[in-house]
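Presented as structure tokens, the chain that follows is alone, the form predicted on its own.
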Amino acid sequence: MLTPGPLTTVQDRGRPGRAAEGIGRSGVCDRGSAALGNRLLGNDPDAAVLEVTAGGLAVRAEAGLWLVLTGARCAGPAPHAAPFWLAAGEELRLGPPVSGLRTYVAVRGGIAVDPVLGSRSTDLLSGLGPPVLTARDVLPVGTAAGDPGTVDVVGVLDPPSGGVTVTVLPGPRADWFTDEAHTALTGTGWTVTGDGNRVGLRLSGPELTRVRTGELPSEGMVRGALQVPPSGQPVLFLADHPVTGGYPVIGYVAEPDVDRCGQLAPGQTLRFRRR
């Protein structure tokens, strides 16, 4: 590792099924993009990849490697969504994303750091998993699971650079909010602020006012939940979301759309539509 850019972590499909133990799933923010990279290399679906936020990554191969880049397309000479060979001593450098936020670097054999509780994912909220990557880190690569499959055509849609519209479903505390709040939720273009991370996106727009103002006991949280703190500005939970939360959830982003939200950069506009 020559430089990790603003944030590069090791991620796989996370630690599912452990919420009752107080352990969040974590894992890649854009599951579809990471899965595509592994599929193109013939990796196990749970092989660990690098999740690169906002580009800036530079790595040098100590031995020849097959790689695939997916997710946010970055400036630079490397191909996108197609396997390419990085010879021993050669460097891969990613410029800033042309669109989107998170780029996935899959390597044939997967990133073979030691797993923690069954996963190689870095969870920024809990601190579980390998540490955030830094310059001079040396990453081990695993043994390829089998021969790469033949892929004739791969449909790749780059993350949009403009507004994004996703489907929202009613949350368990939708009745805590006024009619005006529900109208504002789906009638407003929400701006993605610069305060977000892998835990969640902080959105800026009109205040979502409540009918009820009392305290709410902590409840289970999931990826895609739209939690509303006292500021009235919603937070959309992503991969490293907390297992529980004490603020009401007005709605959920439909699961297929959460990957797209994980690619939103600060300043982009997010709109919600009811199913």
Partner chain sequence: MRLLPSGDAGLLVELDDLDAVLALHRTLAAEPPAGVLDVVPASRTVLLVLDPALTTVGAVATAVGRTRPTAADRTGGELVELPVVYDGEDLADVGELLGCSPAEVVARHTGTEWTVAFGGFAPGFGYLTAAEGTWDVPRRASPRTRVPAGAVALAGEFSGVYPRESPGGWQLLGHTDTAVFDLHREPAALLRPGVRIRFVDVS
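As the structure is a computational prediction, the values presented were derived from the model and not from experiment. Positions refer to the first chain, counted from 1.
One more form of this protein, predicted together with the partner chain, exists but is not displayed; see below.
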| item | value |
| --- | --- |
| Contact flag, G214 vs the partner chain in the model of the complex, heavy atom cut 4.5 Å | no |
| D44: touches the partner chain in the model of the complex, heavy atom cutoff 4.5 angstroms | no |
| Non-hydrogen atom contact S231 with the partner chain in the model of the complex at 4.5 angstroms | no |
| Interface membership of E219, the partner chain in the model of the complex, 4.5 Å heavy atom rule | yes |
| One residue of R73, R173, R93, R202 in contact with the partner chain, assessed in the model of the complex (non-hydrogen atom, 4.5 angstroms) | R173 |
| Candidate from V156, L117, A112, V132 lying within 4.5 Å of the partner chain in the model of the complex - any heavy atom | L117 |
| Stretch in contact in the model of the complex with the partner chain, which is absent here, among 35 to 43, 22 to 30, 231 to 239, 53 to 61 (heavy atoms within 4.5 Å) | 22 to 30 |
